[in-house]
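Below you will find one chain, with nothing else, as structure tokens; this is the form predicted on its own, and questions on how it binds or moves follow later.
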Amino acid sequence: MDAFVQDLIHYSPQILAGLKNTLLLMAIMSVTGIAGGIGLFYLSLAQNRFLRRGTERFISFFIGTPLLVHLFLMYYGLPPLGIRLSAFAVAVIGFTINVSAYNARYLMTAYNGLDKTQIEAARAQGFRFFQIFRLIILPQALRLSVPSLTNQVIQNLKDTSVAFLIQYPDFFAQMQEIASTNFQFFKTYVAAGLVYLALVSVIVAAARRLERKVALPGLETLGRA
């Protein structure tokens, strides 16, 4: 164990650099995933039925196919076509599209639970669709989707571990390199798991605090009844 701890200390700059890359990728995909999810959610409510259907098929495709396939397709499949992207660019694009699709579905689920009479009333008063979406639909859908959206952020952190398969130097990639050097695979992966657990615990604590802050009045009371 002492030798393993010494290895971790020796490789600490490398580990910290990988951890920084992991947190950076998670933060970027969480922000762009929310923005993309809102955009897809908006298009899924468009008055043009072809646009609605196209958006729904887009969402279903990226939810129904593995993220790793998309990453491999861009990183290994595009270069023969003359398109070369860095591992970071591929990770950001691939994760953003995937997370956007899931977030759009969460928002749509929340929208289906809204009271539609307020939307009809806004239309009767002459509000345009974008105004209705921005002032009525989106604020409520976001509020109701907070548990799902925060859980997605947690999933984002865990999903970053597959980025090392496209040569992105994230935290797991660095731990994998250490394991292949000292052959302490069990200890190295346990240590990596504990780090992920600690990070997830921090996100969960922040997420639960946010959920309580934005919860609809009386909702928690009803949930305990």
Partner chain sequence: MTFGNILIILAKGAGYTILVTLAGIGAGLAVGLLIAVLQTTKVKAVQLLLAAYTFVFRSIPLLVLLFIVFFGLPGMGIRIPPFLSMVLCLGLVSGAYLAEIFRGAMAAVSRDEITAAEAMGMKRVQIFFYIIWPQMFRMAVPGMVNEFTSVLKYTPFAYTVGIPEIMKEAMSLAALTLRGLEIYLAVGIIYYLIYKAFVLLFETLEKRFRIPGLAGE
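The model shown is predicted, which means the values in this text are computed figures rather than measured ones. Numbering follows the first chain given and starts at 1.
Although it is not shown, the form predicted together with its partner chain is what the next lines describe.
Q: Have a look at Val190, Leu51, Ala35, Ala27 for me and say which one sits with a heavy atom within 4.5 Å of its partner chain in the predicted complex.
A: After the contact test, the surviving option is Val190.
Q: If the criterion is a non-hydrogen atom within 4.5 angstroms, does every one of Pro66, Val69 and Leu81 touch its partner chain in the predicted complex?
A: Affirmative, all three are within 4.5 Å.
Q: Would you please decide whether Leu197 lies within 4.5 angstroms of its partner chain in the predicted complex, comparing each non-hydrogen atom pair?
A: Yes, contact at 4.5 Å.
Q: Is there any non-hydrogen atom of Ser60 lying within 4.5 Å of its partner chain in the predicted complex?
A: Close contact exists here: in the predicted complex, Ser60 approaches its partner chain to within 4.5 Å, heavy atoms only.
Q: Using 4.5 Å between non-hydrogen atoms, is Leu165 touching its partner chain in the predicted complex?
A: Yes, Leu165 lies within 4.5 Å of its partner chain in the predicted complex.
Q: Does Ser161 reach its partner chain in the predicted complex if we count a contact as any heavy atom within 4.5 Å?
A: Result yes; Ser161 sits at the interface with its partner chain in the predicted complex.
Q: Scan 88 to 107 and note down the residues that get a heavy atom within 4.5 Å of its partner chain in the predicted complex; none is a fine answer too.
A: The stretch touches the partner through Asn98, Tyr102, Arg105.
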